[in-house]
Ligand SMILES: NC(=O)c1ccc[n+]([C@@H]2O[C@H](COP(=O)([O-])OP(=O)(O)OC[C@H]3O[C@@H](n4cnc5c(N)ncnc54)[C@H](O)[C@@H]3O)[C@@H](O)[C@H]2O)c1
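Below, in structure tokens: the form predicted alone, a single chain.
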Amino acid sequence: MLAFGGGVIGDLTGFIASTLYRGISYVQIPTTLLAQVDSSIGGKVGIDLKEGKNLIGSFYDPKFVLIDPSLLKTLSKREYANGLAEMIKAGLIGDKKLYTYLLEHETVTEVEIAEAIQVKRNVVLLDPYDKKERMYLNFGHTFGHAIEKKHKYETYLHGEAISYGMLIALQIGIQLGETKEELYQEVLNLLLKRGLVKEPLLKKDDYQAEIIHDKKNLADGLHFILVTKPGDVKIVKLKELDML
């Protein structure tokens, strides 16, 4: 099977390939920036339910991933920025150089695409099945997924939702004494410039009910990802009071 398209096409094709005849070969050919730097890499394939995002899925690697940056010329400005959000996340959790580049540039080359992929590749190789280090990739996604769900996956693109989620995560990091206010302001300004968030910002209190269905809300507490500084990340276990 060939998955030619964005992240939804890639995930759906990969999920079907993983279950049809107990698994057949497939190839990822991502056509959006978001899919090129994130969803086509790492072997996770899943589909959404009304109860939440990616609740049905599996780990199933494609035979290979073919990335052609020239396809990005077909994207709208909003869709392009949608992918930049995941690249900003990658820089924050694992590549200060990439993050610094994205502070000053609205477009990326295959060099930055490769750098973002390398961030994901590094943690996936350490932790293929999401037990520890791979959770770093969830920075911004706990509230981001809640935002997507509450708005029925219609109002915000994935990159926009996780942009708000990253800001909320940075705010929680400030509350816990792990993140500096200066980093929050820097990321806020970047996301505003790229059109990924708008003021007034979304409030975390409006999305806490959706958090209980997040797949990272485990029995021993909510595994939450904090960025202490660009390239430095940690996992903490939050209780409900920590999110107020």
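Numbers follow the displayed sequence, beginning with 1. Fair warning: this is a prediction, and the values are worked out from it, not measured in the lab.
One more form of this protein should be noted, the form predicted together with this ligand, which is absent from this view; the next part is about it.
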| query | finding |
| --- | --- |
| Partner contact for M135 in the predicted bound form: this ligand, 4.5 angstroms, heavy atom | no |
| In the predicted bound form, K44 touching this ligand (heavy atom, 4.5 Å) | yes |
| K149: touches this ligand in the predicted bound form, heavy atom cutoff 4.5 angstroms | no |
| This ligand contact at E79 in the predicted bound form, heavy atom, 4.5 Å | yes |
| The single option of V187, L196, L34, L202 touching this ligand in the predicted bound form, heavy atom within 4.5 Å | L34 |
| Heavy atom distance at most 4.5 Å to this ligand in the predicted bound form, all of D11, D38 and T74 | yes |
| Candidate stretches 171-179, 202-210, 46-54, 187-195, one within 4.5 Å of this ligand in the predicted bound form by heavy atom | 46-54 |
| Those residues of 103-131 which, in the predicted bound form, come within 4.5 Å of this ligand by heavy atom | K120 |
